[in-house]
Ligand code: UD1
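Below you'll find only one chain, the form predicted alone, shown as structure tokens.
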Amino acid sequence: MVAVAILAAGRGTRMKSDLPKVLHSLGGRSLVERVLHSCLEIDPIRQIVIVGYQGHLVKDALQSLPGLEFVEQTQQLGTGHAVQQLLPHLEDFTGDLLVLNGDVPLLRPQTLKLLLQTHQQHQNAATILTAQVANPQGYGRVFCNGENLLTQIVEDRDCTPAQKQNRRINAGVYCFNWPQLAKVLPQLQANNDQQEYYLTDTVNYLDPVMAVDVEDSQEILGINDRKQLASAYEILQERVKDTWMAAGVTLIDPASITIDDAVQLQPDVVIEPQTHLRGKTLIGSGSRIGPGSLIENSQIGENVTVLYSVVNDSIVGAGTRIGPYAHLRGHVTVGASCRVGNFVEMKNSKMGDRTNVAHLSYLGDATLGNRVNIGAGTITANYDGVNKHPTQIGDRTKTGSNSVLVAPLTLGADVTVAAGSVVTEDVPDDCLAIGRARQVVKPGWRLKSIPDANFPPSV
């Protein structure tokens, strides 16, 4: 049995923010969400988040995740003190406890599996994750014998000059036999210059304790300030892009592209420069996205092009062309082989197959059938100042340029709306709708010239 405890009580003063550090976003997920996500493959029976500063915000942010427990650390007196808060909550637990930091978001699931396997195979009292780094400044140093059995951990601020030459550092990730840890937690003392209770001091009372070196030291990067947050994002992006290029996706100028790790891409997708893919987005095979596009929480079908456009919370069918400079938002569904062209905005609307809205239009709360053609400058006037109203447009209907469709409104199938019309009443199938004033031509309407008093006519 494995339980996971995540230390998430600190404020993170170097972030210069009122937001708890663990709630800062990294690639579309908060830091603490990333730590929780890394634990999925070990399938813990309990997941406990230890909260403190602005703990209610942390609880609110994680409330959608099932099975989480929260424990309050009212005073932040160090990592040992944080884990001491678990004693009444794990009183009857007899398994292993994995302790993670909520601000170390780049751990791979396989690294945690290796740590846990090593711990259980050797029946260790404790197993800690370590790394060999070129510059260990700021990290606690780990000292081991030839069999990787730990002899001592010394915090960086407490190291002697000789001890600081050791390059093996503590990653702040631990696996404990909980019954053994529970016996020694009350023995911790705050005998250090920070007057804090260090979890690392428990190794002085536990035996055996083993160290496991992580292969990629970037995994243990902790986030303490905005610069480190940016560095972590670069590492995450490199991982994501390498994965997709190995899977058959073309990234043109990867340095200018960003892709959240929740995004799914099929083979033969091409991502052009200055394109950003966010959230739970799926891009179908053969599609070409960008340059200069943003796709967020959307499904893009096969062989779609999206050029210089923004697509949020929407679905685009196969073979459709979007852009340039189109904006789809608020749950738009576009059918197959459609065109949503230059300077078109769509919101909460649905288009059938082979329907075109080519330029300079706004469609809000509208449902369009198949093979509809929306003329340039057509808009749905869907808001009366209080409520939104729907517009229904039947198959094969055409609107002329600069038409205004005042909702609520239904246009039947095979309707033609004359250019410049304002349509306020429903139109049956197979009709021409004209809603404009009759043109009047008045001859001889040129204004007579008016003499300027300052310049009398010449004689």
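The first residue of the sequence shown is number 1, and the count goes up from there. None of the values given here were measured: they were computed from a predicted structure.
Keep in mind the form predicted together with the named molecule is missing from the figure; the text below concerns it.
Participant: Can you pick out, from Gly290, Gly364, Gly317, Gly140, the residue that has a heavy atom within 4.5 Å of the named molecule in the predicted complex?
Facilitator: Going through each option in turn, the one that passes is Gly140.
Participant: Which one, Asn356, Thr202, Asn101, Thr275, lies within 4.5 Å of the named molecule in the predicted complex by heavy atoms?
Facilitator: So the residue touching the named molecule in the predicted complex, by this definition, is Asn101.
Participant: Kindly indicate whether Ala9, Val22 and Tyr198 are, all three, within 4.5 angstroms of the named molecule in the predicted complex, using heavy atoms.
Facilitator: All three within 4.5 Å in the predicted complex.
Participant: Can any non-hydrogen atom of Gly352 be found within 4.5 angstroms of the named molecule in the predicted complex?
Facilitator: The answer is no: Gly352 has no heavy atom within 4.5 Å of the named molecule.
Participant: Answer yes if any heavy atom of Lys16 is within 4.5 Å of a heavy atom of the named molecule in the predicted complex; otherwise answer no.
Facilitator: Lys16: no contact with the named molecule in the predicted complex.
Participant: I'd like to check something about Ala326: if you look in the predicted complex, is any of its heavy atoms closer than or equal to 4.5 Å to a heavy atom of the named molecule?
Facilitator: Contact with the named molecule, no.
Participant: Are any of the heavy atoms in Gly78 no more than 4.5 Å from a heavy atom of the named molecule in the predicted complex?
Facilitator: Yes - in the predicted complex, heavy atoms of Gly78 and the named molecule come within 4.5 Å of each other.
Participant: Heavy atoms within 4.5 Å of the named molecule in the predicted complex: which stretch in 382-390, 307-315, 241-249, 149-157 meets that?
Facilitator: Correct option: 149-157.
Participant: Does anything in 169-185 come within 4.5 Å of the named molecule in the predicted complex by heavy atoms, and if so which residues, in order?
Facilitator: Contacts from 169-185: Asn170, Ala171, Gly172, Tyr174.
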